[in-house]
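Consider the single chain below, provided in structure tokens and representing the form predicted alone.
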């Protein structure tokens, strides 16, 4: 469809041959052209599922959501924009509808200014062909070859009951862009359900199926269910609310630094041993010394078990990101930290520095350069130190940063000591001893 080229890239669409998702994408582009939108006025929010791989094919803003959550994300975007000149479109499959049905009902109820396009191929296409809550009775899938034995939900009727301004069901064959354009131009919440065929699963499980026949047999009636004029949602602006940035919590520089370029420090240890707190205190001390600082934390969902790693950037210039692919400095305080940081360790440059607790592997092995040895594989200079023995496992991360700061002197150690002393931990721990090396 040539008219859709403004909104779609020139690359071939990523779907299986014969997949109805291709027509949905092409008709969306054509309808947006008809409606007079520009690509930068359109925000496309996609869900998990085969349809979601379309993101890279649209020349619009795109947001990729979690399974069943694309409508919730789009609701927030619509309410945040508060601008009827922008077009928020949701792509979601029947599987996503099954998981996030309540989000659709709430969006319709609140009449958020958005259009939800339901790609209903009547099964979960990305995960093996399981039936969804929109799969009609009698329809067969690879995981349910005997066919579904209970009626499906009707998302169109549910959306109408919830208060949707515009609802239509169509069969995804040929050029149906006029219906899309109609929905896109309708104010408030609109929903289009497109009945499709999945050539990979539905066609094989139901030989010879025709979408028109399935629609007729299952009661999936093609029609306009609603075209109302309810007042669309408008975000209330409260001008009397205080700023979320509390000026009293801003860190005023009290020290100076001679640092001339950014330094990337990775602190890697065990969960529950204060790695994240240590990194935050270090970043605050850097800011107290007139530097810019960011901190990015990584740890498993178990929180108290396994590794805990923090990536710290300190810089004399403003920082526009957090985290980094390769550290300049790597500090490892435990075996968990070493296991997690091996990839970073092996990718470090020769001018990098590695500091590691000597309880993990005997210090004599730390000069090894072989990946097959018991020591680490790294071209950087490696130094071992008794972090855990000197400060205990709970304070090893703090002590290791203090130890390194004493060597590098990126900013005065007094700034770090003062930051720690002023914290709640300062009431429990005598940090002055930690700065004696």
Partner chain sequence: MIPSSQKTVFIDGSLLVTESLVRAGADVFIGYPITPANLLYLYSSRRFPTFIAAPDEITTLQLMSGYSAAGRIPVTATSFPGYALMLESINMAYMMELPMVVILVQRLGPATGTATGGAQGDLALLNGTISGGLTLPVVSISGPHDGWVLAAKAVEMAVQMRTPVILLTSKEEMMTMFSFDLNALEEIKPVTRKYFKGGDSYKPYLPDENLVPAFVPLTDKNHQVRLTASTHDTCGILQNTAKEALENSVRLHKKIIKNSSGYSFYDLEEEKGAGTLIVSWGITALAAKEAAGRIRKEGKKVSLLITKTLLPVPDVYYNIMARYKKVIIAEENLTGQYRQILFGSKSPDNITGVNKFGKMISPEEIMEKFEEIYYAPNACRQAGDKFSQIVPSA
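Positions refer to the first chain, counted from 1. Since the structure is predicted, the reported quantities are computational estimates derived from the model, not experimental observations. Here, rigid core means the biggest group of C-alpha atoms that superpose within 1.5 Å across both forms.
We do not show the form predicted in complex with the partner chain, though everything after this point is about it.
Taken together, 48, 244 and 284 are fully in contact with the partner chain in the predicted bound form: each brings a heavy atom within 4.5 Å.
With the partner chain omitted here, the record of contacts in the predicted bound form names 230 to 238 of 230 to 238, 210 to 218, 329 to 337, 89 to 97, defined by a heavy atom within 4.5 Å. Checked against the partner chain in the predicted bound form, the residues 162, 101, 263, 72 give one hit for a heavy atom within 4.5 Å, which is 72. With the partner omitted here, the residue from 151, 128, 147, 76 that has a non-hydrogen atom within 4.5 angstroms of the partner chain in the predicted bound form is 76.
Interface membership of residue 412, defined by any non-hydrogen atom within 4.5 Å of the partner chain in the predicted bound form, is ruled out. For residue 58, a non-hydrogen atom is located within 4.5 Å of the partner chain in the predicted bound form, even though that partner is not displayed. Taking the partner from elsewhere, residue 296 is found to have a heavy atom lying within 4.5 Å of the partner chain in the predicted bound form. The partner chain in the predicted bound form is approached by residue 63, whose closest heavy atom lies within 4.5 angstroms of it. In the predicted bound form, 316, 317 are the residues of 304 to 318 with at least one heavy atom within 4.5 Å of the partner chain, listed from first to last. Taking the rigid core as fixed, one finds a CA shift for residue 262 of 2 Å or more between this form and the one not shown.
Annotation: Cα of residue 290 displaced by at least 2 Å between this form and the one not shown, core superposition. Superposed on the core, the two forms barely differ at residue 152: its CA moves less than 2 Å between this form and the one not shown.
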